[in-house]
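Given as structure tokens, the chain that follows is alone and in the form predicted on its own.
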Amino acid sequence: MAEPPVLIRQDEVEGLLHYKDLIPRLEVALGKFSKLDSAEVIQPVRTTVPLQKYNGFLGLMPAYLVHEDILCTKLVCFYKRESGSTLPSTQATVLLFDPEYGNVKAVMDGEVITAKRTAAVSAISAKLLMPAKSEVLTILGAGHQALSHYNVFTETFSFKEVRVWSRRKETAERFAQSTQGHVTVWESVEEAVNGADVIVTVTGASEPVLFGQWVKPGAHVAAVGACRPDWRELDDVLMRQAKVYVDSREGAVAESGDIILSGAKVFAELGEVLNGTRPALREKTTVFKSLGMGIQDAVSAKLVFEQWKNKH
């Protein structure tokens, strides 16, 4: 008889999931996904259930990694909140299964997993694509994803300057005060991204906030927000002049308003670059359009569960 599932709370997940362990596992998973071997990685495109009454949707993200024997699904609610709302913009729960018996082994908070695996994949994109000499990092947005991106980018790379912008200046100031290092708050997006080598967009925007004319040639943009076909963070100029990389082509053409509405062509998946089948064009302006994948949650959940078992 199967044991009841363990419940791993948010603070426990936070303490068990570390970027130094997570990034290498995500790189392996991304590479396997882009080999298009359906016998190795099974991951349907995210299923969504509209929550129009609350201006949001429920996303179901199942995945099975055959070789690692990881069966997992994430249930996540996204909301487009009004400015100043105190309600969360996302809520997520991750279920880790025993693939042989079919029972749930663990139920864990999905907020930390989502924030950390998303930031870790953005860092992988930067490692592959940002200019060789990158000194200035700009973060547009000041929520949970902004903080996870700040943490992994400053842990992984050595930037001389970190800037932040948010629609509400007090939110950006609160974010800057919450970080361990020195972060400068900027009044406008144009000023914040001027001369930046790496730009991370983690906003709740549904219309473009970052415009190509402001972006330094050769910069790398990790675009994390705007996860619906009719939402955008980046304008047509940027999308069309940049080389566009994604985590999943199939996901991008179904879900990314930045790609769909601009008509931009996807140049490569990150996994293809990791596999050596597509080039990393560092000298070009690059955009990594992140949508997130079930395999990223699965790898993260397995790591959390392994670390939890080691402590118990």
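Here the structure is a predicted model, which is why all the values come from computation and not from measurement. All residue numbers refer to positions in the sequence shown, first residue = 1.
The form predicted in complex with a small molecule is left out here; the points below concern that form.
**Student:** Within 4.5 Å, heavy atoms only: does residue 291 come near the small molecule in the predicted complex?
**Tutor:** Looking in the predicted complex, residue contacts with the small molecule include residue 291, since a heavy atom lies within 4.5 Å.
**Student:** Would you check, heavy atoms only and a 4.5 Å threshold, whether residue 174 touches the small molecule in the predicted complex?
**Tutor:** Residue 174 lies outside the contact set for the small molecule.
**Student:** Check whether residue 144 has any heavy atom within 4.5 Å of a heavy atom of the small molecule in the predicted complex, and answer yes or no.
**Tutor:** Yes, residue 144 is a contact residue.
**Student:** So in the predicted complex, does any heavy atom of residue 90 sit within 4.5 Å of the small molecule?
**Tutor:** Answer yes; at least one heavy atom of residue 90 falls within 4.5 Å of the small molecule in the predicted complex.
**Student:** By the heavy atom within 4.5 Å rule, which residue out of 185, 205, 162, 107 makes contact with the small molecule in the predicted complex?
**Tutor:** Only one option qualifies, and that one is 205.
**Student:** So which of 71, 224, 130, 193 gets a non-hydrogen atom within 4.5 Å of the small molecule in the predicted complex?
**Tutor:** If I apply the 4.5 Å criterion carefully, the residue I get is 224.
**Student:** Go through 93-101, 224-232, 153-161, 176-184 and give me the stretch that gets within 4.5 Å of the small molecule in the predicted complex, heavy atoms only.
**Tutor:** Within 4.5 Å of the partner lies stretch 224-232.
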